[in-house]
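Below you will find one chain, with nothing else, as structure tokens; this is the form predicted on its own, and questions on how it binds or moves follow later.
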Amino acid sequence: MRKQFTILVCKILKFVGGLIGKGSSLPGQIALKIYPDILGSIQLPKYIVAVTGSNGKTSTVEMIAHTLCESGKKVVWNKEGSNQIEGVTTLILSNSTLSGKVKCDILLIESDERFAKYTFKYITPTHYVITNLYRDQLTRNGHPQWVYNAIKDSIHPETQLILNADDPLVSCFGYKKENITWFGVGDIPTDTKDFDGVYNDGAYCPICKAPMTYSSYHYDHIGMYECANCGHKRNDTEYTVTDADLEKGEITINDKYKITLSLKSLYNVYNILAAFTVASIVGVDNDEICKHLSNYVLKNFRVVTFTLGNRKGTLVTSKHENSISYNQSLKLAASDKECDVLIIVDAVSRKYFTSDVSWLWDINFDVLKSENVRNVVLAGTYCNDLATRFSYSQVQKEKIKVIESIEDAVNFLDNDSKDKIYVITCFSDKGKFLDKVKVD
């Protein structure tokens, strides 16, 4: 009776929360207070796919869900993005019968990397995707090695790991293990021989701490690496992007399967590859996967197209306190045709207040010295911190405009130019811009 009562309470709270636009975590939180071990008593489906990592979790999970659903499979997944134990509990119980059975083919769970060990205390994923590990919100996450240790505690011996082979720290999860599927990107035209970031978290081997050697870099510390001292190196991959034309917007997987990109970013390529890998492993035909992923536009509002007067634009959501996320957004803007770039930092975090802007110094703003970029507008409460950081960059000073008011920045960009607008900001600040333009 206790189990049935807990499930019923969760369902009622989830329904009420849906009516008022809230309630993705609270129902699970209450359920865990009533019955702390409730997840251990639920009958789960054959496939339980978990996804975690510093970046790309939400987008990867959405593309996996889209592909599997379009292929006729019934998928239960946390669409709201509530990825800690309370949100996952809400997801599972609200999709359970009162007897405690989740009726679906696949349970797909996005999990916060720091709290995965709590989520998977009672749940054993059949497949576990780990996308990447970067410097991310250092105030709360510490060093990527700390996050690595947190994720390590969530891995069950029987779980099949699906790992990004191009990340030297993620690859450590597969050290001396056999039940692993590796995915990664092969040699592509955008690779560099030399490191071109602000800092290099791949400079030393994560296993023995000796200097690491790279034959090429895809971006930042992601690439083809090998440690001469202990032999830790990039593993051969079963699922590989063998060709990528980002300008054209097309990738090829395993020399055969072509996917057209809606977002011409290498970041997006990794998310697509991870989604392709999972869908293929659970039995979807590879040609069918390509059909469902080609030109797929994310519904999670990480990328939003808009119109400002007669100008077209794209807002790319980049995580504050995560320099690699920003680097990829900046590269996307700089590689396009003539454009203006608006960078907004109006709040550092939605969850805590520190006013820490040290992470701005880890971002490679030099990317914006590209001839394609006409103006760089810095806006929001921290616009002067941005301006100080830009004063140490190679971006031409005449390009930079500091406008604290977001509304005034929008008015500045609302002109007769035909150049595209790129807006780069975080989850907490994007609405402050989007409510001033027409969202397409």
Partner chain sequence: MKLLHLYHDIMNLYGEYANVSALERIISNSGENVEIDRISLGDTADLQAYDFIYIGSGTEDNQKLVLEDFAKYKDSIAEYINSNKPALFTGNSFEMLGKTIIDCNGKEYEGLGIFDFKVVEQNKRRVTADIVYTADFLNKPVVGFVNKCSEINGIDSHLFQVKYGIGDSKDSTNEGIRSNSFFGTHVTGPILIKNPHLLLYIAQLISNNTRDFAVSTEHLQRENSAYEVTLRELNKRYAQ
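Numbering follows the first chain given and starts at 1. Being a predicted model, the structure only gives us computed values, none of them experimental.
There is another form of the same protein, the form predicted together with the partner chain; it is not shown, and what comes next is about it.
- Listed stretches are 233-241, 334-342, 195-203, 292-300; the contact stretch with the partner chain in the predicted bound form is 195-203, by a heavy atom cutoff of 4.5 Å.
- Of the listed positions (N179, T305, T97, S358), a single one reaches within 4.5 angstroms of the partner chain by any non-hydrogen atom in the predicted bound form, namely S358.
- Of the residues given (N229, T213, T139, S370), T139 alone sits with a heavy atom within 4.5 Å of the partner chain in the predicted bound form.
- Although the partner is absent from this view, Q396 stays clear of the partner chain in the predicted bound form, with no non-hydrogen atom inside 4.5 angstroms.
- Contact check for H218: every heavy atom lies farther than 4.5 Å from the partner chain in the predicted bound form.
- The partner chain in the predicted bound form comes within 4.5 Å of no heavy atom belonging to I30.
- Though the partner is left out of this view, Y382 does reach within 4.5 Å of the partner chain in the predicted bound form, counting heavy atoms only.
- In the predicted bound form, every residue of the candidate spot (K209, A387 and S391) has a heavy atom lying within 4.5 Å of the partner chain.
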